[in-house]
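Shown here is one chain on its own, the form predicted alone, set out as structure tokens.
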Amino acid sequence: MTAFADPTPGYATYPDLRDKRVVITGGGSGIGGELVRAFVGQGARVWFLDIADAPGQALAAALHAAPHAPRFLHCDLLDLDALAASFAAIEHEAGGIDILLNNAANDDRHRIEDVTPAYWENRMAVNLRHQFFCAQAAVGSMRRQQAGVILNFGSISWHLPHTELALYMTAKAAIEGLSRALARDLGPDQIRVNTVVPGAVRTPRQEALWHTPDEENRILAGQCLPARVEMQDVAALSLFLASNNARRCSGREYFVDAGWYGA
């Protein structure tokens, strides 16, 4: 199956996102980089965290002329002290946090027989643990202002019969439960929490590591729509969920996967 011509749409404009203080993890490249560009384009004040300095600095430099130039912070989210310090620095500089996008993750493949206890702990820290502790670090100011949005990023992977992703799928399944629990606990403070569930998103990393004609055909054949999900599609959904247009959306999973039900 081949994809049909489908030009990438421009982003809708959400006036209420202007000047909002936004934190994005894993924002140096890929989906995270597109999230940075999308929110900066709305006039938001964006701080983004990553361990990859070169792409993070390059992205910040590329957007330096925006009404609010984004700020890149080097942060290893596995280091919980560094994580807390980064959020404290952002809150001090910004005066608070309005929106958190927990995007950082890594979907390295692994075989069941090769998983050690240490690798298990590392994968849970890389893909799950930091989402909770970033939320914990952000909710103080959100509670004080009685408003906030947290978007945790899941994955279509655990909804499909993928192989060699057992730990990644475990973590991503847990994120949906985490979002529902946080939404219930934080709802009285007018803090909304949802999970964004991307499908097979075409990113530079995915294209470089796993793209083949057979894989492309498999993905397209499994989707309702015969067109690949682009990074902009994920960012467009995220803008909506972060905006006041989604003011009654909380505790749910929102898929952007072109209706991918196949193998």
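Predicted model only: the values in this text are computed from it and were never measured. Throughout, we count residues from 1 along the sequence that is shown.
Just so it is clear, the following notes concern the form predicted in complex with a small molecule, a form of the same protein that is not shown.
So, residue 126 and the small molecule: in the model of the complex, are they within 4.5 Å at any heavy atom pair? Because a heavy atom of residue 126 falls inside 4.5 Å of the small molecule in the model of the complex, the answer is yes.
Although the partner isn't part of this model, could you tell me whether residue 31 comes within 4.5 Å of the small molecule in the model of the complex, counting any heavy atom of the residue? Within the cut-off, so yes.
Contact flag, residue 198 vs the small molecule in the model of the complex, heavy atom cut 4.5 Å: Close contact exists here: in the model of the complex, residue 198 approaches the small molecule to within 4.5 Å, heavy atoms only.
Hey, in the model of the complex, does residue 192 get a heavy atom within 4.5 angstroms of the small molecule? Outside the cut-off, so no.
Region of this chain that lies against the small molecule in the model of the complex, out of 75-83, 142-150, 179-187, 89-97 [heavy atom, 4.5 Å]: In short, 75-83.
Considering 137, 166, 156, 174, which brings a non-hydrogen atom within 4.5 Å of the small molecule in the model of the complex? Here the answer is residue option 156.
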